[in-house]
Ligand code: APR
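Starting off, we have a lone chain in the form predicted alone, written out as structure tokens.
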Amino acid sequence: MRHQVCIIGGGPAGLLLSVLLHRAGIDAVVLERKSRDYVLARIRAGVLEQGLCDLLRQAGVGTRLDHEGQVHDGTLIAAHGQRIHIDFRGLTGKAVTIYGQTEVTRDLYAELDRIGAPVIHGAEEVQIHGADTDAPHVTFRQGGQGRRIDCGHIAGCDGFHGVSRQTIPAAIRQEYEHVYPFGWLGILSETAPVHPELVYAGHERGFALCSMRNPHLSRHYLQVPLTDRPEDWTDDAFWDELRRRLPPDLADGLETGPSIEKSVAPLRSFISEPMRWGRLFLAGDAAHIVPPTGAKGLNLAASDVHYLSRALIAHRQGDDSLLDSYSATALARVWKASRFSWQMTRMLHRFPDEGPFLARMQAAETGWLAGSRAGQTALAENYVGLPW
């Protein structure tokens, strides 16, 4: 087989890139290791920046987003005795939209089906060859049969554990990582949200987040030790602990119910440079991971896709300047968003090994934020998304 672009990874980044390229007349194929049903069953983030919403509309997949997405004009931070409403709309003129990543993926699949763009599922043992030459190709196995795709460029959208980043020689690749000493225990439940907007709670017992997917489906998180497992927590134990970490009025109004899904996710900050090697380009979690505190993971992947699709379209028109600058351009935004995610994590989580000084500094920071319009504006600007 031959395609102009081979996209490794069928998550939202890879699927969105394929849609954008096909709309520009560029032939792309997506390779995904898992089945379509498996991909659509993944439970992931659902806070979309305005830039991602605009990009989905540009890709022709914004109809359901505009109809079903919940526009949020702010968020609530409750920590260290402070209760701070961050007014996104009033401070920046922008908002975020709550729309599950699963729904984004479903919309992208529907569009790829409509236009007949190929997605190959069950692609195992993927290997990248000749990325630093003018004739790269990708090999893989499907149903026990070896297959090969010759292509002009390769987009590595296959996540942290994928093959793409590891293809870049270690002597060239520089990786930066910070692993946090806790994880997030998350549950999904068919319950009403505790508040109209997301609630970020900092408490001496640990961080908590109350989020939602729609008016009848909530997603809640608790900071827990890395040694905790989902089966260590009954639903009742989760709800009891969440109540302890919320302001009393919100705790009293918390609707509880059986969990649909329960998992523990470790937190890390990770960035790999460069995001290009020859004709191989990294995007999304293949190049960077952020803690979910700032809701940046999916949104950073989307900005990578924006830069990369624009560069590949310009290449088709004879201009390679955007391809040449892709890594530097994408990384500039990645580092800024990673700083914000790190800052939010440091401000709201309990770090038991760092002693009382950090706790007092966190209290001082939230106290300053409560009385500073400039501080709230800076937080809002980062949360709704820095310019692309």
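The shown structure was predicted, so the numbers you read here are calculated from the model rather than taken from an experiment. So that there is no doubt, residue numbering starts at 1 and follows the sequence shown.
A second form of this protein, the form predicted together with the ligand, is not displayed here; the remarks below concern that form.
Note that among 24-32, 327-335, 60-68, 352-360, the stretch whose heavy atoms approach the ligand to within 4.5 Å in the model of the complex is 24-32. Residue contact check for A314: none of its heavy atoms lie within 4.5 Å of the ligand in the model of the complex. When contacts are judged by a 4.5 Å heavy atom cut-off, D107 does not count as touching the ligand in the model of the complex. Residue contact with the ligand in the model of the complex: I8 places a heavy atom within 4.5 Å of it. Proximity of V96 to the ligand in the model of the complex: non-hydrogen atoms within 4.5 Å are absent; the residue sits far from the partner. For the options G183, P230, G162, G152, the residue carrying a heavy atom within 4.5 angstroms of the ligand in the model of the complex is G162.
Residues are counted as partner-facing when one of their heavy atoms sits within 4.5 Å of the ligand in the model of the complex; in 111-136 these are A123, V126, in sequence order.
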